[in-house]
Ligand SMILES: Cc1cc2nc3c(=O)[nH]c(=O)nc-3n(C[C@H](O)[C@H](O)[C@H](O)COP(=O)(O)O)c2cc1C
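The chain that follows stands alone, in the form predicted on its own, written as structure tokens.
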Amino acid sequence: MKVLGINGSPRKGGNTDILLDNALKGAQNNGARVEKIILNDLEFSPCQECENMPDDGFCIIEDDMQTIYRKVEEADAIILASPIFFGSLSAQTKMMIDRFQCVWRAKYILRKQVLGKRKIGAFISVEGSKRKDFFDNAISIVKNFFVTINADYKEELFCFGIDQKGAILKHPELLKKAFMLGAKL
């Protein structure tokens, strides 16, 4: 099994990154091959809603998103990790998801399966306040993304009230939950 972790946080070594690493360790501990993408390290533009997009379900913009499409197709499970910014996903995460518009169009408008292989999806998110409702908007976007890429939303881990870089390390129970999330996949 191949598990792809996608880190949408702009902060390397931050809470989202640490939790994703723990989840990937859990998956690897159970025999999965794991790979992690850090969106902030890639160069890709936001969706341009191209009028001349081809009918093959792929984006015509040549940038690092081409690698993400390929890795998402190859994966058996996806762990998407993003902090909550302004009550939703980080800009990096949302920008990546928006670039799957070409896949959405192929699937729902053209009735073509571009990413036909079924996958398992998991979502990890961290936010600084104590408002659990801030996760609701992010969850709906992630669920739409997972449906588009043929991933069944199976696992989630939400950590609220965690703000300072590395503060998650003071919460071993959450680190263990992340590990177990990966192990379940």
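Residue numbers run from 1 along the displayed sequence. Computed from a prediction, not measured in an experiment: that's the story for all the values here.
Separately, the form predicted in complex with this ligand exists; it is not shown, and the next lines address it.
Considering this ligand in the predicted bound form, which of Ala106, Met95, Val72, Ile84 comes within 4.5 Å of it through any heavy atom?
Looking at Ala106, Met95, Val72, Ile84 one by one, just Ile84 meets the 4.5 Å heavy-atom criterion.
Leu174: heavy atom within 4.5 Å of this ligand in the predicted bound form?
Contact with this ligand, no.
Quick check on Glu127: any heavy atom within 4.5 Å of this ligand in the predicted bound form?
Yes, contact at 4.5 Å.
Would Arg11 count as a contact of this ligand in the predicted bound form, using a 4.5 angstroms cut-off between non-hydrogen atoms?
Arg11: yes, in contact with this ligand in the predicted bound form.
Do Phe146 and this ligand come within 4.5 Å of each other in the predicted bound form, heavy atoms counted?
Close contact is absent here: in the predicted bound form, Phe146 is far from this ligand, nothing within 4.5 Å, heavy atoms only.
Would you point out which of 155 to 163, 64 to 72, 42 to 50, 136 to 144 contains residues with a non-hydrogen atom within 4.5 Å of this ligand in the predicted bound form?
In short, 155 to 163.
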